[in-house]
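First comes one chain, alone, set out as structure tokens in the form predicted alone.
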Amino acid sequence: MKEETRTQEEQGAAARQTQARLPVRRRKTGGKLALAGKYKGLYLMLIPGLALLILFHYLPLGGLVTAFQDYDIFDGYYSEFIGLKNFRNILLAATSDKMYQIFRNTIFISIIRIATNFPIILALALVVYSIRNKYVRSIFQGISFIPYFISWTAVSGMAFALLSTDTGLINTVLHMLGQEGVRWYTTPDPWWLILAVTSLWKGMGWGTLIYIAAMCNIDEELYEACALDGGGVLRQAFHVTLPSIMSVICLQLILDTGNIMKDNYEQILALVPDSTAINETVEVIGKYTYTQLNGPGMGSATAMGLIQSIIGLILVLFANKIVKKTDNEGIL
């Protein structure tokens, strides 16, 4: 019994000596403030971006009050409060048929744009990343970026050179083939597709950027293992690349779903001529809001923008829930 007690005392003494020899870890003082001081350069770089975010995204939220007012420029925020009248005029008033047409055009144009742009941009990103020569890849990617920096006004001039009834390149080719030319600027049917194609041409370089950035983080050993198993370029794309960037693909799908109610009215104002037949086909929410802002309907325009934002938020939450059910990461 005494020997057991002595052994325990010796073990305890040895443990205390070992603990005494260990370096004492001092608790860092300052916490998050000290961490911010350590990375102050990075935090300083965030200031311009945060300032722009607050200035152009958060401060304007105060203007949403005009959606519930009969806004007058001289009264400003003290204009007459009318409650939900602007919303009722948009959704339930006698002009509801026009509102239905505007919402229909916005949704259909967005769906066609997503259905064409999303898979083509993803396929282009796969093609660019499969180019192993870095110089050729850089040149190819740089060329695809050029249209992104061209204004829609310049694009409208290019489109006119293609679609002009008398001198347009497309009608010239059709005449050479013995076909009749198409009066593009008075025919409403093809304009949804024209808007989707021009949007793809202008944004495909920028759209591939996020995918290529995600692909650069894929471990090269995965491609080597697939190649050893006899996998070619297509098999590597479907079994290595796509599964590795699936989270990014899902993120882009969520964002595209939320943008179904969002339209590029600048594109429509620049490309589409002032024709009654075509305007009925391409009248969208953004164009309606722009028209109201330039007229007496400040409150109606704000109400329309608020409706657009709420529907977009609902669509994002819905898409995010579906993505999470597929065992992929969402945004929330």
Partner chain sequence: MMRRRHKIRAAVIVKGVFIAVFTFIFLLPLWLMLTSSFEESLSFARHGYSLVIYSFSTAAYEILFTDSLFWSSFGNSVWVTLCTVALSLVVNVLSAYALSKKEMPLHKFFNFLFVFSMFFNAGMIPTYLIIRSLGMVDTFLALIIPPALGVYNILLIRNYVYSLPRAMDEAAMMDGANWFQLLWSVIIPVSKPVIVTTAFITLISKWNSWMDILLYISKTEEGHAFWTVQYYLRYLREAVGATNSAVGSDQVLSASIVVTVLPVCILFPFLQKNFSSGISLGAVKG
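Residue numbers count along the first chain shown, from 1. Keep in mind the model is a prediction, meaning the values are calculated, not measured. Between two forms, the rigid core is defined as the largest C-alpha subset superposing within 1.5 Å.
There is another form of this protein, the form predicted in complex with the partner chain, and it is not shown here; the text below is about that form.
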Quiz item: Hey, in the model of the complex, does Thr281 get a heavy atom within 4.5 angstroms of the partner chain?
Solution: no
Practice problem: Indicate whether the partner chain has at least one heavy atom within 4.5 Å of a heavy atom of Asn105 in the model of the complex. | Solution: no
Quiz item: Using 4.5 Å between non-hydrogen atoms, is Leu162 touching the partner chain in the model of the complex?
Solution: yes
Practice problem: Answer with yes or no whether Phe145 is in contact with the partner chain in the model of the complex, where contact means some heavy atom within 4.5 Å. | Solution: yes
Quiz item: Looking at 105-113, 82-90, 200-208, 238-246, which lies within 4.5 angstroms of the partner chain in the model of the complex, counting heavy atoms?
Solution: 200-208
Quiz item: Considering the partner chain in the model of the complex, which of Met99, Leu174, Ala196, Met158 comes within 4.5 Å of it through any heavy atom?
Solution: Met158
Quiz item: So which residues in 137-152, when you check the partner chain in the model of the complex, have a heavy atom no farther than 4.5 Å from it?
Solution: Ser138, Phe140, Gln141, Gly142, Ile143, Ser144, Phe145, Ile146, Pro147, Phe149, Ile150, Ser151, Trp152
Quiz item: Comparing between the shown form and the other one on the rigid core: C-alpha of Leu306 shifted by 2 Å or more?
Solution: yes
Practice problem: Could you check whether the CA atom of Gln267 moves 2 Å or more between the shown form and the other one, using the rigid core for the fit? | Solution: no
